[in-house]
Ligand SMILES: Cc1cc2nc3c(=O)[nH]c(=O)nc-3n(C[C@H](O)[C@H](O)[C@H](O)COP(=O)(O)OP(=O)(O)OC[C@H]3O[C@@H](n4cnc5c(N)ncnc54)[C@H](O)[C@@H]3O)c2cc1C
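Below, in structure tokens: the form predicted on its own, a single chain.
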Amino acid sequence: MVRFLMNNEPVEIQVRDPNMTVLAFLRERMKKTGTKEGCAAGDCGACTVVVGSLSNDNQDISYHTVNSCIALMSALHGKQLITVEDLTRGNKLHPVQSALVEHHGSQCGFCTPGFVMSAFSLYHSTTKPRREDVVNALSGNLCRCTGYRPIIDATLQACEHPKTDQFDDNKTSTIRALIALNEERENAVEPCLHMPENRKALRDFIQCYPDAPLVAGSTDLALEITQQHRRFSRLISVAQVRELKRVERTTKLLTLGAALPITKAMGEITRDYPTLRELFTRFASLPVRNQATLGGNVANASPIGDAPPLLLALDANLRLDDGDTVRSVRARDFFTGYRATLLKKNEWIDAIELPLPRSNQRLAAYKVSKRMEDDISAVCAVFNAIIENHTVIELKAGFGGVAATPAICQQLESSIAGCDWRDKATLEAGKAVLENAFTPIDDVRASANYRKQLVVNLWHRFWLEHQCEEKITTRVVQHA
């Protein structure tokens, strides 16, 4: 049984169709039509709803946006679902709705409910947001009418001095209700949708139903349902497996559970590697990052996934589990072919292990795509160099969009090691290698020649951007 709060009302439903999205549930079963379907792919944001989750200590609720068109019902288990209909008090609009009216932020109105919900999530997330915070919050919402300025202005006004609303007033009772829902959890909840809570239960379900796909955030698998009209007879959700959401730190290693949402993984990774913030903020849109998981992005083995090039450049390790034994493999060995990996039958990714920063490390990630947000890479390149006394001690790099799998270039790494970073010959040596390192394809995003030139240009950019650091270091040493 899937249990959640529909606003303040406890809901308990038996999911007889594992392919049902939250959007279909709202519109078809609950007749809540304020939430719209635009693209059915998580691209336009017309379907945006807000999900409330208990904090780790059960003392607070965090609100985040999700795309209901690609969220399956398992995403609601133990949580609170809030739709645009829930924001009004009688005939009184919520402050974010009133601000949109005052700023003329709605024209045709089809996208408006999604913008309202994204603004509402920000309203409950931070005080006095900057314009860039608003733009990030609205990054998953598209509008063909307004040009965005009035919507941004309305959100800034509403969130600058947030007033207490009904969700603040009801917080204590909502927390109690969510705690009660979570205490009623069980492993075997549905005949066709299984939500294990630990690795042993996950192992048992996989052994019983070896052909059932695993689903976490569903941002990729749901597209097979909504875009390809594929029907799954059974799904196993890993969203409730506690071990898969852990965060562990040692002096040298950051371990992230594979089912950790991208948003939370981003916070942990950029704490150590702040230069990666742009890569993660361009990792789809905020509602997608709130659903998608780091492990899912890696397990899909897409040649244009955003996470794999980073893992290749950092020489990360993947922990693979079958419920009985855990083995560790290098990310560099994990991808064996197009959408193919080292995962054995009945295995799943348990965690991703990232090395923490080293001294004299230079790390940069570059994503080139047609749109800044919510778009797939034409090319993604991540360079990771250890430079001591101007000498390249070690260079590792990862690339996406240039081959059938996420790729490395061993010739680049071996030819640059030992070179003087300041020497232009180092730059030219890297360019000479990368010019013929890959044989990408032509597609709607970019031609093969454009991709090959991009790889060379991004290497040039990396070399240029880190020359300044070398010169500054030299001056400090000379004056010491």
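When you see a residue number, it is the position in the sequence shown, counting from 1. The model shown is predicted, which means the values in this text are computed figures rather than measured ones.
As for the form predicted together with the named molecule, it is not shown, yet the points below apply to it.
Look at the candidate spot formed by 311, 398 and 415 and say whether the named molecule comes within 4.5 Å of a heavy atom in all three of them in the model of the complex. Not a single residue of the candidate spot has a heavy atom within 4.5 Å of the named molecule in the model of the complex.
Contact assignment for the named molecule in the model of the complex, among 300, 391, 125, 410, heavy atom within 4.5 Å: Selected residue: 300.
Looking at 304, 386, 364, 178 here, can you tell me which has any non-hydrogen atom within 4.5 angstroms of the named molecule in the model of the complex? By the 4.5 Å heavy-atom cutoff, the listed residue in contact is 304.
Should residue 223 be classed as touching the named molecule in the model of the complex when contacts are defined as heavy atoms within 4.5 Å? Looking in the model of the complex, residue contacts with the named molecule include residue 223, since a heavy atom lies within 4.5 Å.
Is there a non-hydrogen atom of residue 375 within 4.5 angstroms of a non-hydrogen atom of the named molecule in the model of the complex? Yes, residue 375 sits close enough to the named molecule in the model of the complex that at least one of its heavy atoms falls within 4.5 Å.
Would residue 282 sit within 4.5 Å of the named molecule in the model of the complex, counting heavy atoms only? It does: once the named molecule is placed as it appears in the model of the complex, residue 282 has a heavy atom within 4.5 Å of it.
4.5 Å heavy atom contact, residue 80 to the named molecule in the model of the complex: Outside the cut-off, so no.
Among 356-364, 264-272, 92-100, 214-222, the region lying within 4.5 Å of the named molecule in the model of the complex by heavy atom distance: In the other structure, the partner sits against 214-222.
Residues in 39-64 with any heavy atom within 4.5 Å of the named molecule in the model of the complex: Contacts from 39-64: 41, 42, 43.
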